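Structure 1 and structure 2 below are two forms of the same protein chain, each written out on its own as structure tokens.
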Structure 1
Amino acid sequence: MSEREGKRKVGIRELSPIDVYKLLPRTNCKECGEENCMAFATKVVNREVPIEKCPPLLKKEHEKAYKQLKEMLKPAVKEVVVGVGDRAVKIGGKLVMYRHEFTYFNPTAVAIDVTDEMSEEDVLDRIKRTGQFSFEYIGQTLKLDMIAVRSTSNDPEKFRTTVKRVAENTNLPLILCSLNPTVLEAGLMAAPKSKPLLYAATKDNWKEMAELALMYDCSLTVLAPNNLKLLRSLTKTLLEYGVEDLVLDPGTFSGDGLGDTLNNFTMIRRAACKGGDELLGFPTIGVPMVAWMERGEAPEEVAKWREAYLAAMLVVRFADVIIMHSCDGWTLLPNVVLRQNIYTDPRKPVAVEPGLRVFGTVDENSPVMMTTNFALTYYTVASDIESGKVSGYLIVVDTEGIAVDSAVAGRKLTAETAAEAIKESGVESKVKHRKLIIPGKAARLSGEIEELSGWQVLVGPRDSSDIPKFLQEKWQSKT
């Protein structure tokens, strides 16, 4: 593969529905579920449906067109699958460099490390803490994704024993870490069908590592610290050798090397997404746990803090996998929340289903409240109602996923939509009163809502944390 052959034309904006439509069978058969082939082509370009949803396209006579479409739709950053079964992790698969250009797929996978010199008790404890990590955030359950087994002993037997212990106690995908092919093979023999990510091939061991990746059908990390030219050369060599699923590690450095770290990750992603460089069009892996190796005499808390901010920078700067050492919630939680925020679809507001929600034990005298279906608003309100041990009804109005103040300003929350939501919720048959509590930020709609709905409107607090206090002071006196 020449330098020129390592490049390709990229850019999500360069692909239009017409480009896809021309290669479709154009029968308008509706087997894909769409009204016509142009509608299907539009969804394909927006990555809402795969081209495999078109049955006629999969027939032999359209084989050439299918291959052309697969090539056209290929992401700038290849998608690599690590692990097997339901917990397998997809990494990479990025179409664009910046989130506002389109959207990001496959959130950064977070791995927690164990070593072959830890005691059995410590290894099992870290596996348990990794598997049990869970946090509910605006309707999503945030979890950790992988276990990285590191050989610090360089002893094949110790590594094999540790990998076997880990594989028997978790179904999370594994990253097997050693620069010694003999050690790594011992680990692979302990979990031969787990399809782990191997870490890592270097200029000194690439051939032996490539043989292992091919023999065990694994993805392989390519490591060239702070040397993108070497990283690209190793990638080319491994591809020619037959290893197709690669993950790139340009090195992670804290302290004085932090600038180089972020610059290298950015240049790799820019080369793939903006320059069409297929040799750098692979997922990247960062190792924020180097903060522990470089901490010197600093206390553990300082190492944890450095690891946490380094992890955040890597998530933002295009890392598709990160390996962390700390299991503390205060280091992990900010990063999984950050990851979730970055990997939401910027084209679609994060929304919940509109309708009526019931909290606590309700009766015909229970209060009726209202909010919008913006996910962050809804879950904040719901959390405050639950923590305040409030019993009542909550009408969730469809504002197309927009918060209260913005929905009022943008005419997504109006007296008309509020009145319609009251009717559709069926709450009128559940309570004998006709009193509605609206958010304080929607106060200016109170008069119009009363006129259109026939309900008496009480203007609630601007902050949902004040709902319990408001109900205690105002609801009882009004009913």
Structure 2
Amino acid sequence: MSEREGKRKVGIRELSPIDVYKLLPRTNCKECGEENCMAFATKVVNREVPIEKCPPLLKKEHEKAYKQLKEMLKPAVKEVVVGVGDRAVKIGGKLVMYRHEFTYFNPTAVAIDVTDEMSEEDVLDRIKRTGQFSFEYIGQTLKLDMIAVRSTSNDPEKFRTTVKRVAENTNLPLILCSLNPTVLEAGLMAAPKSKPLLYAATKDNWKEMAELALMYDCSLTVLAPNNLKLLRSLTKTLLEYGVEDLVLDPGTFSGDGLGDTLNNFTMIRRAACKGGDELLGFPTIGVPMVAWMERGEAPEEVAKWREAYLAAMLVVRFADVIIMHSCDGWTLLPNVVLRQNIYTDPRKPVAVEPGLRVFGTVDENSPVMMTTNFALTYYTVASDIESGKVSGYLIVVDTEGIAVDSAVAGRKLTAETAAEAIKESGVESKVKHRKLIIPGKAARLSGEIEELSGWQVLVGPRDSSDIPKFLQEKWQSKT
């Protein structure tokens, strides 16, 4: 607090490499691996390297500058680590409110719940499914992140047994959920070193919860149902108490009141990112599984459906952790894909692996097409080829993730890169002909590509949706 000196934090967009540079040792020693201190400062501002990568800065004589830099680079939303080991999860750490202002860090962690009244079989099955959940998506493996253990029995002994069982069978971080400190403590005793997230401190139990968080060195959720004044007061109180890693829960309404929930999440994030409010500068937790409270007699699918779309809204509106009950693929898949999309760095074009792709059943007479490795371009082309039931090869050129027209204009897609891509793809040993279909938007490269590669170039359609028709009308492997 004292370090703040009454100033609002400098917004991320206002922070320039010069601000960082001025505080560095400025010896250009290259120990960080960069050419000079300015280059390092630029990477630091872009959050590509931590300042700790500058060894001289960590020396005693630069202690003050290091502290100043630490403060200057501190995210508006504190980063909190839950769990231990390689599956430990970082939550929060947000620098900005809107992703286009910079980028979002630490994708929303998805937790699946188990309870202390589920059968052992059910608990183990849910843990297993959560741990094994995996979906391959543009070169990434999308996974689930945490297990939330709830006490529905309010019996310390039952909770202790369940937490023990869960901790023995997963390395995923835990969220221990009970508003009864005695129950929560029993759970903590079963997994004392696992650094779970505790759920939750309320206006009634905050002191006992704070003691538990301090004793077991773990993070603590602050629950203030639809009451941001109370949330802020509790946060202030807990900070004073010495608990530093807090997670905020303003409550999740699934039906009436949902507007308040979105407002609360939005106000918390705005106060932190735009207003520099350190009392609300903590990660948030949303609970889509509240949808199950209103299930009534409806079939399970109804609750799952509601829970799934609530989760999506929370991922978009600033939740750093969500707890779900459904562990079905159809409810989780849209959400883990959405999370990946929202947390993609908008500063970097999304690229796919360059190289040769095969569609349908190919032979030595199959057509050879070309596109760029901008993910959106690639997936559009691939989907058009697939839906047109076309067989053929597609050479994906490394254009550093730039779309065709921009890549041609920006000289990322040139006769040279095209010719090289043909060679490296190995397609020359797969087909007898030497005919390449290039995107219509790269038409002006056709002559040069022919000269450099020795392949005959056919200028394809400007939009990949016309590929099937184009092939039908224009493609013959023999001349």
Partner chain sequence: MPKNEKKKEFLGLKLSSRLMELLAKLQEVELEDFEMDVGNLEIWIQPGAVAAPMVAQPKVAPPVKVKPTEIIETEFIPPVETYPGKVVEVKLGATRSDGGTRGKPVIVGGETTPAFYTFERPTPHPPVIALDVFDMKVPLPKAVKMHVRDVLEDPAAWAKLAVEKFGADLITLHLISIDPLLKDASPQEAVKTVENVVQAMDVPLVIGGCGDPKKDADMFEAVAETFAGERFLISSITRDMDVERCAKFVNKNGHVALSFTPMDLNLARELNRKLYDFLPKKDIVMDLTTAALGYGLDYAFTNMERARLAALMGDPELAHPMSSGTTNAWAAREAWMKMGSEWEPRELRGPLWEVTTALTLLLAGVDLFMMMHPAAVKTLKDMINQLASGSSGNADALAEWVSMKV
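Between two forms, the rigid core is defined as the largest C-alpha subset superposing within 1.5 Å. Bear in mind that the values here come from a model prediction, so they are computed numbers and not experimental data. Along the sequence of structure 1, residues get numbers from 1 upward.
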{"query": "Form predicted alone - structure 1 or 2", "finding": "1"}
{"query": "Where one rigid part turns on another between structure 1 and structure 2: hinge among 205, 293, 155, 347", "finding": "347"}
{"query": "Rotation (degrees) of the lesser rigid unit against the larger between structure 1 and structure 2", "finding": "32"}
{"query": "Cα shift between structure 1 and structure 2 at residue 361, which is computed once both forms share a superposed rigid core (Å)", "finding": "12.3"}
